[in-house]
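Shown next as structure tokens: one chain only, the form predicted on its own.
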């Protein structure tokens, strides 16, 4: 194997640092005091993280975001996998029309559904609850479409062999389709998690209780409630922002191998 070109390696490193610079700068800023930051001096401290977690309740916001994003990911990927399996493996009346309607939802701006979802949840009394935050986000047309295309690339002969041995459709899904689709499922799970983790509009509309705020709402309010003599406590805000990044970064590192494999295999197909 030929050694890596040093020029390409240096360019790749420079590009990586360029893209990472905003994040690195945010972390560096979060470790300073507000006085030192505005005075152009260096005074490192961890008090910003302690204040964000204790004084401004970010520990609770973090827990809420983990609960909501985690449940939306698990339920969303389950529904998307079941729908993708049905669309890819079964022929039924209206199937093409239903799949077309699923794909058509990708062209509808999400903000259009805010009022219908709000009125529906208000009628059943699910506003200001975890269920109200989770239920509208379970269905994901893009995940169903992506997984359907992936499953269609799996040979049907494997399904037929399992059916000859007496397997049910759910057994085929669990024993054959899901193991072979792990890269695609992991990719979509990360996509759903990040989408819900960064969601701001719906939690802002559906939740009025402070104990149910997610990180995004808490971060927006932190910016507003921390001005000092016309100045914003940016180190504190950056500390809270760093807290919001960590779970997403951890999730990416956990599924990175499956994510890259899923993208490359999808490209080859």
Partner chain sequence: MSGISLRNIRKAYPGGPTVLHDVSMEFHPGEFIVIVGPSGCGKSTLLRLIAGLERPDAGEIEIAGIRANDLAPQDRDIAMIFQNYALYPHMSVRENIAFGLELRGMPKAERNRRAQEVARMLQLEPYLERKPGALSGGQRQRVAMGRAMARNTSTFLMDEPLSNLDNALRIAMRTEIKELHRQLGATIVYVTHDQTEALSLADRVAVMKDGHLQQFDRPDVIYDRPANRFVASFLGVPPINFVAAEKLPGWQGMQGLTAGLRPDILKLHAQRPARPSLEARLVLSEMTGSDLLLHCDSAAGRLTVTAPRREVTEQARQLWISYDLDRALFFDNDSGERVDLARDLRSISIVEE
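None of the values given here were measured: they were computed from a predicted structure. Positions refer to the first chain, counted from 1.
A second form of this protein, the form predicted in complex with its partner chain, is not displayed here; the remarks below concern that form.
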### Query
Just one of 98, 180, 79, 131 has a heavy atom within 4.5 angstroms of its partner chain in the predicted bound form, so which one?
180
## Note on the structure
in the predicted bound form, the residue from 162, 137, 127, 75 with a non-hydrogen atom within 4.5 Å of its partner chain is 162
#### Entry: in the predicted bound form, residue 152 touching its partner chain (heavy atom, 4.5 Å)
no
### Query
Wondering, does residue 190 line up within 4.5 Å of its partner chain in the predicted bound form on heavy atoms?
no
### Task
Spell out, yes or no, whether the shortest heavy atom distance between residue 120 and its partner chain in the predicted bound form is within 4.5 Å.
no
#### Entry: Contact of residue 114 with its partner chain in the predicted bound form (heavy atom, 4.5 Å)
no
### Task
Specify the contacting stretch among 171-179, 103-111, 193-201, 144-152, defined as having any heavy atom within 4.5 Å of its partner chain in the predicted bound form.
171-179
### Query
Within 127-159, which residues have a heavy atom closer than or equal to 4.5 Å from its partner chain in the predicted bound form?
157, 158
